[in-house]
Structures are given as structure tokens and as C-alpha cells.
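Coming up is one lone chain in C-alpha cells, specifically the form predicted on its own.
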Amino acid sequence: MAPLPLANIRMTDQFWSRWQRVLVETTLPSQYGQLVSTGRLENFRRAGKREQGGFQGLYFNDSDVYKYLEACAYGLCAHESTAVRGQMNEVIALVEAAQEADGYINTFFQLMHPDLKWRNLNSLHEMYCGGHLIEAAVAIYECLGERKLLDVAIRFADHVASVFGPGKRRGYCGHQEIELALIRLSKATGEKKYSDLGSWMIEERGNPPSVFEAELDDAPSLALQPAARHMLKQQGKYSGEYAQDHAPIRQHRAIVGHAVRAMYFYTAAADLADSRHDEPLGEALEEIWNNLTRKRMYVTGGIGPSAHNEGFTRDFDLPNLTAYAETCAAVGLILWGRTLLELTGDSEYADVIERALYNGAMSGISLSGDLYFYTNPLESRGNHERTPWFECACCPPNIARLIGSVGWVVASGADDGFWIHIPAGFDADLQIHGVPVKIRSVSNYPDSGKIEVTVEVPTPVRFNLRVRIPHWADEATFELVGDGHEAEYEGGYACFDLEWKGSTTLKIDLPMTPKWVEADPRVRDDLGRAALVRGPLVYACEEKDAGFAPQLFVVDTDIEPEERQEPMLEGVVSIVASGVREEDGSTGELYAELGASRTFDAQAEFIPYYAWCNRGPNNMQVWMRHF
């Protein structure tokens, strides 16, 4: 299977159509303003004038500009905006002017250290930035039909290929990204040499001697990022786990190191396994995925508990209050999951994609579309708040490009039919066996599990319509209106393989009832606690709604929670749970005999986790103590 062109799938449900409108009206203009005010665009202007010095910000800030451009392509594909298009074209012109004659482009090195290009691959992100340039260029070319930036990206890719590759210099980036970008460029241009270079980088990584270890002795380049020696070494010896450089890809079994780097790396590797029908590589990736999703992933789909390495620690180490769970890591998990889903057709990947999409990723942006989380803890004592930008601003444009391209994870086309992975609302146009097919999904997901899918064809055509059955849906039902055809089931999908005629409607009911879930007891931080879920959404309790710190609440899971739909926070479905509340300071002593604290019957309102902290910082908790 493969994603449809974004122009061929338009999001129509209340949830995603709103987010895509906000993307174009608020998010992209505000991000452009941040690129201006923080000097990111000025860096390109100065480089374009061939000036020296004066670089502003962090050495990888070019990547934020490229991700913004990619998000513009997706946003404009959904909603035209003269203002956004004009700002996008202005930025493209700056990038084009900054590129050197040989194809090299990285404003940090061009302005500050032209003599140190490609000297520090482990930390200084030249290929990472270039990878995001390539992705932006391909997006603009495919979505908007414009190739000015694509020509810039091709020149850069050709420059990289002139320096690195078989028979040339051995090297790859400390922060993976260019691998998947090169494979994407190859698909867009039909030039196999780009996917070959990306594949070579994937296979070279982790083979001793490490190119990164040698760089740790290069004093001038290391001085630009001295923290590299601490991240890449363990107990004084080179490890490479931080950058997934500890072993060749086919020997990886557990997820380690920096979470975002890992997600981009394994996304590229899955693309490679798919294109080359490489079963051993696919099996290795499946084992890594299982380790991540069954032992190292939060209930929200957030990944990477540790701030120290922005990544992974050990199995079942999932603290809530100090959870790092970077927004970019959840976005990366969705990218990797989508690639594995397309490779295998197994709904388990879609289950994880959905969990991360509606919870761990979308929590990273405010409902207003211009405030962000970098980290996404599952508990707060009132000191976590959304901000308009970050010094390291990878997350804002990353969540923007996810919102714009969400159609790619909702559904896929295939030679033999159409796959619906997430029952959101959309209109899709595609050709199957040469026949134009329109597929419309009318949905109010994730608030409701009642969906109607209508298939319209001008002439009869046989194909397989597959609809995923979410893991949380206990009593899913499917009814072809006016047709007695029964679904078959394969890989977690309800399959309707039949000859479609005229207009046919499939009614789907995925009952959504609030449920309490518990964690594996090996997740010690969640012992004696329960989390509330409803359909694809994980819920959180905020002090704003409860009227008291949710840490004081003990829920009675035997009392059925009550659903409410109120005009709050974009009209989300909130859930009220019953239990008892402990009273702060009721004993008057720091320590007292057990049972001395006063408790009262109480109720607490829960909202979807993605919507928390939209009314200012306050206490929040996902995992609740329970009777």
C-alpha cells in the first residue's frame, strides 16, 4: 500500500479540518514570525550575500526553516492562503540564494566556520539540516507542483554524494534524517542513486571503526560541541548508543539512545526493507518495535522518558512527573509506524500510530495553534506550561507538518483496493483498476465511533475495502446498507472484497465507553494506579476542572464514569469520575498515624490529554490512585 497524494484526500471531520484551518490561519504565520524574530531567516540572508560571521541561534537552526517550508506545502494543499504562500516563496528565495556553487548549504558553517565543513558529523547536524531541506523540497514539488526548492535539494544531494559513499569518504550524520530524505528524493525524481546513498548510510552505521569515535580526537571541530564526548561514551569508552551507532542495524534488538534520532533512522530502514523486500531487516525492525511499544512506551504514545539523553533508558522505566516524551519523538513514532504499516498491513502498527497521534503528538500544540510543549509529562505540579517558541525549536514545525500531512496516516491506496487506518472524516479520490473511485468517510471521530463510508464508482469495479478494527473497540459492527455481504477479517481489518456499483454506504459502529486501564506491574511508577481512556483518547485530570489538585483524588473504578459534552475546550467530551478527595493539611502535622487525614466524597472531571494546559499551568495527572 502507499499514501495517497495529499491533494486526493481532504480531511472533513470536525477535529482535523479545524486543526488544518488553524494551521494555515494561525500556526504557519506565527512560525514565520518566529523565524524572522529569532534571526533564522537573517542567517540565510547573510549567507546569500556571502557575508561572514553574525550567525544567530543554534547551529542546526536551518532545519526549523526547512520543516516550516514542508508544513507550508501541506497546509496550502488543504487551504489556500495568499499570505502563507507569499511567506513561503520569500523563504525559498532566501534558501536558493544562500546555496553555494558546489551545492553545499548550511548557514552556520558558511557564516562561522567555512573551514570546518563535514569535520564533525557526530554532532553538528549538516546532513540532518540537509535532510529536512530535501523533505521540504519534495513536499512542495509533490503538493504544489513547484520545483525551485527541489532543484536546490538536488544540488545539495549531489554535493553530498560527491563527498560520501562507496569508494569515497565513509560518513553519516549523528542525527539521522538524511537517510529517509534521500529515499524520498529518489521516489520523487526516479533517481536510484539517492536511495542507494541513503541505504549505504543505513548499512554503514554501527560498523567499527566508528567515524564518530575518530572525530572525538578532532579538537577544533569538537570545540564547537564538546558535549559529544559525554553522549557518545559510556564509562570512558566509545559506545555510540546515543546515536544508534553501537552496532549494525541488523543486530539491533532493543531501542536505545536519542528517541528522535532512532525514529528517523528506523523509518528510513523500514523504507529500505520495503523497497528491497529485505525480510531479515524487516524482522529486526519488528523486534525493535516490539521492545519499544511493549516495554518502553507511555500510555499516551509518548516515548523517551529521559531528559539526559532525550531518549531511552531501560525496560518499563516510565516515570510520569519527569517524563521527557518529546513532541518530535511522538511525531517520529508515527512516521516509523506508518512505514511499517505500509510494509506489513498489520493493524497493530495503526493502533500505535493512533495512540501517538491523538495523544502524545497533538498534546504538543495548543488549541490556539501558536503555543507548544517540547516535553509531554503525564503529571504536572503546576510548573509545566506552553510557550510560543523554543531556543531549540524542532517541535513547533514538526507538529505543523504532521497536522498538514495527517491524511497520509488516515488512509492508504493499494493495487487491490483502499485501506482506512483511522476512521476520521475525509473525501478521497483515487483510481483502482483504471476506474475513478470516490470514497467519503463521514465521521465525528474521535468524539464518536459512528462512521459512514460511501463508495462511489461510475462503472462496476471489484476491489477490497479494508477498515481497521481498533484494539479498544470491543463490539465493532459493520453494515453494508442494502447488501448482505459479510466482512472477512485479516490482520485486524474488516475486509469487503466485492464488486462495487454506483453508490454504496458502509455503516460502522465502534462503541466508545470510558475504561480504566492499568499498567504492567513492572512499570513501578504506575503501581496501584489507573488511567482513563475512551476510544483512541487518553484522559487527564486538571486542577482547573476538579477544583483541587488531582494528586489528592482517589478514584472509585467500580462507579461508572459519566460522559459530558460541554462548550469547553472546543467542545471535547469530558468524563466525570467519582471517588474521594484527601484534604491538604488536615492533620496539622507533617507525619501522623495512618488514617488521620480527612477524606471527602468527590468527583473529578477529566479531559482528553491532548487538550490539557490550555488554560494556563496547573496540576495535572493521568495515572490516578484507585480503590
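Here the structure is a predicted model, which is why all the values come from computation and not from measurement. Just count from 1 along the sequence shown to find any residue number.
There is another form of the same protein, the form predicted in complex with a further copy of the same chain; it is not shown, and what comes next is about it.
Should residue 454 be classed as touching a further copy of the same chain in the predicted complex when contacts are defined as heavy atoms within 4.5 Å?
The answer is no: residue 454 has no heavy atom within 4.5 Å of a further copy of the same chain.
Can you check whether residue 521 is within 4.5 Å of a further copy of the same chain in the predicted complex, heavy atom basis?
The answer is yes: residue 521 has a heavy atom within 4.5 Å of a further copy of the same chain.
Does residue 277 reach a further copy of the same chain in the predicted complex, with heavy atoms at most 4.5 Å apart?
Looking in the predicted complex, residue contacts with a further copy of the same chain do not include residue 277, since no heavy atom lies within 4.5 Å.
Should residue 474 be counted as a contact of a further copy of the same chain in the predicted complex, where contact means heavy atoms within 4.5 Å?
Taking the distances in the predicted complex, the answer for residue 474 is yes, it comes within 4.5 Å of a further copy of the same chain.
Out of the stretches listed (396-404, 295-303, 149-157, 216-224), which one is close to a further copy of the same chain in the predicted complex, meaning heavy atoms within 4.5 Å?
Looking at the partner contacts, the answer comes out as 295-303.
Taking 4.5 Å between heavy atoms as the contact cutoff, choose which of 597, 34, 578, 26 touches a further copy of the same chain in the predicted complex.
Among 597, 34, 578, 26, a heavy atom within 4.5 Å of a further copy of the same chain in the predicted complex occurs only for 597.
By the heavy atom within 4.5 Å rule, which residue out of 197, 285, 532, 318 makes contact with a further copy of the same chain in the predicted complex?
Contact residue from the list: 318.
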